[in-house]
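What follows is a single chain, given as structure tokens, in the form predicted alone.
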Amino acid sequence: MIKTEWYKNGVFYQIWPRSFKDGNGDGMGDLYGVISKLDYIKSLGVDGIWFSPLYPSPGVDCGYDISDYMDIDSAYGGMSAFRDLLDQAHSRGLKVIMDLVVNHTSDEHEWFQKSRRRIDPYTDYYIWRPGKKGGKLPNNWDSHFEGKAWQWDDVRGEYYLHLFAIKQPDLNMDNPLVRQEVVRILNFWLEMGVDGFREDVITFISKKEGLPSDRLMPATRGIRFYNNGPHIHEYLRQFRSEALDRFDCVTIGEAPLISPEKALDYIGGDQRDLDMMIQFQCMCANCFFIDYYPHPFSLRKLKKSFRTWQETLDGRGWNMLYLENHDHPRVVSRYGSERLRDKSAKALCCAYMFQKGTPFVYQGQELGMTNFKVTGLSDFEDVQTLNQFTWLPKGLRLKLLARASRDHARTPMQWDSGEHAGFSACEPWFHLNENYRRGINVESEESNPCSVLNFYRKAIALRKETGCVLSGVYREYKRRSRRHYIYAMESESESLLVVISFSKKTTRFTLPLAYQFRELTLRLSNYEKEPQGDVLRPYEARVYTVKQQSSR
């Protein structure tokens, strides 16, 4: 199979299925709803859809606890609805990417139920260990979601490893039978016509032999013994050779704590394991390590993340670009300003849309959706959120969770200003953000040529018509500025210059010296009135195309 690398020219739209559009009137999003909105998705100018998990699941982690890898949850319409969706998306020129979650399954998966009963060949499909003397756990590793990483099972009489929720036992990828199951899953969906996979925490699937205790890194003990583990490349190459290389598809690996240099071990060279990696540095500009540990937003930290990935991967690997997804609060509420929502949403669009790589837009991001108003702990649904800061006083805990919960990205899509925001004919499964009544919805923004929605359309169109975004070199200017982000994509034939203010006040700036005496054509601006020379208004963003200087 010849790999065409079609994804390099594309822009993708991520759908969180239970919150996108309810098509059958039960209050939860489904594939019928997605099918009804395919023309809307296509109108954005995107080339494909990434679906968060659609498989049957008990729903402990919103679908990331899978009980059957080769089916579609009946709540979403089942396999017939998915086949219809696949056909209709492809007929519109839209690729379809599935979520591949193979670090762990649901504890309700048939494999786990047989493994806990020691039924062959499933006995060693998971990571089981007896306790140590004195009733101690097999090691001191921490779970990312729920306490320690080990849970006792009365049926088996042993502990099983769970790096995430208790009901998400880790698969034993060292077992060749488990790896063959992954190959079977990949081939099943690819043969059906799926165009690739986003691979969930894929760098966690190989654990260090012996599962040693960790004396370092409190709260995340053990991560150095399973992130980028000893056999990770061997296993990924097996998946590629026995399944992925048979199809012209794309693979995107989620990779917590990955550096750009380490990422090249996965996505560099002609025989790469993956095509792109989802890194987390760009989501750490207002937190330490994860969203729940806050610090004030730092533009310099955000710029450094963009810069290091652009420069390190240039000519050696391909970037996956994003500023919002299902795992983080809304980016306007994080890095922008809810008071200046319109302007800051557009500025944030420009901050990443014109870099080299493949951009992803998360549902509602194109509307400038914001975090919802949290009134109490009962407002949260997410298993990760509910297990954070349980030792803190209620008021402080609520404040921290209200700032950082992933639930903010999971409120229903806002389609119009009518009842239930046009998402459903009945009460939705989760909270609606009340600002849908104030114009933050598709219907209102469609009719406003200056809306965030129409700005995204213009930005995506401009990206696609400007060749230097794909072929040029990233240059960043005024690196030390705490208020301005100025970068360019420069090629021999053309350049594109992006100037953005991250200030809530009017500021002054100077063009980079390399552009002061060149002919600049303003192609995109988030203000209706003409730019004011060297003055940048609050969250002002300008995108220029630049003629190359003729040689003499």
Ligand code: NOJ
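Don't overthink the numbering: it's just position in the shown sequence, from 1. Predicted, not measured: the structure shown is a model, and the values here were computed from it.
Missing here is the form predicted together with the named molecule; even so, the following discussion is about that form.
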| item | value |
| --- | --- |
| Partner-contacting position among Glu254, Asp107, Asp273, Asp407 - heavy atom within 4.5 Å of the named molecule in the model of the complex | Glu254 |
| Residue (of His231, His326, His420, Arg240) lying close to the named molecule in the model of the complex, criterion heavy atoms within 4.5 Å | His326 |
| Phe112 within 4.5 Å of the named molecule in the model of the complex, heavy atoms | no |
| Exercise: Val101 in contact with the named molecule in the model of the complex, heavy atom 4.5 Å | yes |
| Heavy atom of Arg198 within 4.5 Å of the named molecule in the model of the complex | yes |
| Exercise: Gln168 in contact with the named molecule in the model of the complex, heavy atom 4.5 Å | yes |
| Segment assignment from 505 to 513, 56 to 64, 492 to 500, 518 to 526: heavy atom within 4.5 Å of the named molecule in the model of the complex | 56 to 64 |
